[in-house]
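A lone chain, given as structure tokens: the form predicted alone.
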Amino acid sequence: MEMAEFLIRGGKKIKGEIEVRGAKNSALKILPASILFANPIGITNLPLIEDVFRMLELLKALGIRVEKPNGRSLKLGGSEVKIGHLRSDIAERFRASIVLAGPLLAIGKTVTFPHPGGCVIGKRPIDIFLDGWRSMGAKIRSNKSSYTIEAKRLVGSQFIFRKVSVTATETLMLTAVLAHGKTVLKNAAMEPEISSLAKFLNKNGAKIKGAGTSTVEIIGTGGKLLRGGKTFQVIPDRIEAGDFLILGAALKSRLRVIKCNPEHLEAIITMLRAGGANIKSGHDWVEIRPGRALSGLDVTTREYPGFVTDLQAPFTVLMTQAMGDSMIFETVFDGRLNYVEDLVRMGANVTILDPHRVLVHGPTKLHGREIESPDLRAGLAFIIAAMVAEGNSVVKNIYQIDRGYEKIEERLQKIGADIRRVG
């Protein structure tokens, strides 16, 4: 079968409004949470992306009832989990599949799952998850292809993350909701998606304090399922909103990003303004307008509320168009600068200092090339690079982009981009 790819003709200005969809990283945590409920829960503002479709397939395979989505709304849960192992052909394909193991353990199931995958950077160690479950009384067996975790009785514990992890914070929080006694998670991640998930769980009977800070306390129900009734609204995707602001800056265009939460975008807005971007914002919109010539900036990725690693690749593309030198320092993930060589092939002047740092010398003209997405965020960065470049580009392996961005080409076409999906 011929794989789909994007054909992009660069150098075109864009203008107008672009709407932000629901956050991938919020949706992928609320869907597994449905396992903790005795009756169905409703979800709205669901992004229609590949990772969400894969998560729904995994839930259906476990025996969870999933009503057919009505637009961006969905009802699921309220049905008994029949099995405790995840379909390996699906779970191997995206990292968030590991989140399901937390709720499955919480309801007393023995869980078997493959090493969770995704993109190049998706195959990351899961020892933090395993240590957290062990601290709550779980026993773990593993072989070359899978892990099996069982716990006759989960007991609350005090667990300190030796490295901040968003997905591990959320997964252990979901595990602890039905445990016996109190769990305290220290050095926890503080992302808005975590606060949103905890707020919803609390509305439906959970007892979680401190979500959104570095210490989260959960008093478990002792095995008693939560009762739904409230509907969860997936919060706007702050990564997507940041991508669009970077795109507007890179193309020196006027672009209004709507249906977003500007409070979640403070790090990227502050950084863009420091470089000379002209940005205005309102209650649920941010607009970037052509300003003075952008100057180079040094960026170090950090956990929230710092500069998010998911915007590092798009921001590096932007810095190829800025005046002067910019140091990009990736501190969160290994392998997240692997896309840089393709940018150099497009004409960027980038010096690779070490696996975590690059120096971008700008501004440089980019030229259209054939490039392949190594991961979700670099894939979106390549779209931005292709839109900035002179001539035509082909972006391959766009399944990686579809994992996190809903019909991105149709939305970019509406603001004037020359982008087509073929194959």
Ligand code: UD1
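In this text, residue numbers run from 1 along the sequence as written. What you see is a predicted model; the values in this text were computed from it and never measured.
Omitted here: the form predicted in complex with this ligand. The next part is about that form.
inquiry  = Using a 4.5 Å heavy atom cut-off, which residue among Pro125, Gly71, Gly222, Gly282 comes into contact with this ligand in the model of the complex?
reply    = Comparing distances to this ligand in the model of the complex, the residue within 4.5 Å is Pro125.
Considering His264, Lys109, Arg256, Arg95, which brings a non-hydrogen atom within 4.5 Å of this ligand in the model of the complex?
Here the answer is residue option Arg95.
So if I measure heavy atom distances to this ligand in the model of the complex, which of the stretches 148-156, 332-340, 317-325, 224-232 falls within 4.5 Å?
Stretch 332-340 is the one.
**Asked** Closest heavy atom of Phe129 to this ligand in the model of the complex, within 4.5 Å or not?
**Response** Judged by the heavy-atom cut-off of 4.5 Å, Phe129 is in contact with this ligand in the model of the complex.
Under a 4.5 Å heavy atom criterion, is Val166 part of the interface with this ligand in the model of the complex? It does: once this ligand is placed as it appears in the model of the complex, Val166 has a heavy atom within 4.5 Å of it.
| Is Asp237 close to this ligand in the model of the complex, meaning a heavy atom pair under 4.5 Å apart or at it? | Flag for Asp237 set to no.
- Query: Just to confirm, Asp243 within 4.5 Å of this ligand in the model of the complex by heavy atoms?
  - Reply: Flag for Asp243 set to no.
Q) Which residues within 196-227 place at least one heavy atom within 4.5 Å of this ligand in the model of the complex? A) Nothing in this stretch is in contact.
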